[in-house]
Ligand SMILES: C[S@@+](CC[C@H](N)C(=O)[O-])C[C@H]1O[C@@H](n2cnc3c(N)ncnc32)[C@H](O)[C@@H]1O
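Below sits a lone chain in structure tokens, taken as the form predicted alone.
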Amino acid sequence: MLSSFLIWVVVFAAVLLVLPVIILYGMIWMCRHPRSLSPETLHTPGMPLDLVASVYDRYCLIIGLGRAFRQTMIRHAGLKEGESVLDIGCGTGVLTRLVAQAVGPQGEVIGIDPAARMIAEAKKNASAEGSRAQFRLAVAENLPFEGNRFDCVLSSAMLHHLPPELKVKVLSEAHRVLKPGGRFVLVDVDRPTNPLWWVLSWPLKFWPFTKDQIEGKLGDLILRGGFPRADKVGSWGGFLGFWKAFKSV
């Protein structure tokens, strides 16, 4: 019994130490091999997740980012029927479709992503569900929308896919397309709140895409994007932080 327990302890410790390195290596590999992406995928200095589109939804469920996680995002957004919402970095559109349900038939919901395979999956799933959510290929640093367009802009686990110099540009674009008084809701990699996540996330301190967020600078980034104030309104699993900001009236 004791030997079996020790074996599982060793396996668990190995996962904690090795898995983050594997994930980090995969991220860096995708950034350095853009030709492996779909030809339709838009060029961006960020990291389109084109290669994992077919398994992305299952991956999210495995790591605990399922329906409850997305419903928490919607709760923080405080969505109302008839509102217009933009989901930047929408991936396969799971959150986008839930948002479309929340704002009802009079609302408008658009999800954008630079990865062509992600958008293809999102459109296929929306069609199968009869969802009113719309999806477009676009990059978050150059949104194809006029200013003061949306009541709410969402960013779910997208910001850490961007290099440091691009993050503020993306946040300023989110600010630009919001209506005066509109709200921006973000959930992303944040400063860990428990020792376990410090063990898991240690490699991310050495990667420029995630270093500033692990160090707890998400609020500062949002302010640099043009928002007058940024509040942390919740967390998920001690590793992801929910943030909310409003555009000045």
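Sequential numbering from 1, following the sequence displayed. What you see is a predicted model; the values in this text were computed from it and never measured.
The discussion below concerns the form predicted together with the ligand, not included here.
(message) Taking the ligand in the predicted bound form, would 49, 140 and 161 all count as contacting it (heavy atom within 4.5 Å)?
(response) Every residue of the spot touches the ligand in the predicted bound form.
(message) Please tell me whether any heavy atom belonging to residue 183 falls inside 4.5 Å of a heavy atom of the ligand, as the geometry stands in the predicted bound form.
(response) So residue 183 does not count as contacting the ligand.
(message) Considering non-hydrogen atoms and a 4.5 Å limit, does the ligand approach residue 122 in the predicted bound form?
(response) It does not: once the ligand is placed as it appears in the predicted bound form, residue 122 has no heavy atom within 4.5 Å of it.
(request) May I ask you to state whether residue 174 is within 4.5 Å of the ligand in the predicted bound form, using heavy atom distances? (result) No, residue 174 stays farther than 4.5 Å from the ligand in the predicted bound form.
(message) So in the predicted bound form, is the ligand close enough to residue 89 to count as touching (4.5 Å, heavy atoms)?
(response) It does: once the ligand is placed as it appears in the predicted bound form, residue 89 has a heavy atom within 4.5 Å of it.
(request) Check each of 103, 152, 112, 126 and return the one that places a heavy atom within 4.5 angstroms of the ligand in the predicted bound form. (result) Filtering the options by heavy-atom distance leaves 112.
(request) From the candidate stretches 161-169, 174-182, 127-135, 78-86, select the single one in contact with the ligand in the predicted bound form, where contact means a heavy atom within 4.5 Å. (result) One stretch meets the cut-off, namely 161-169.
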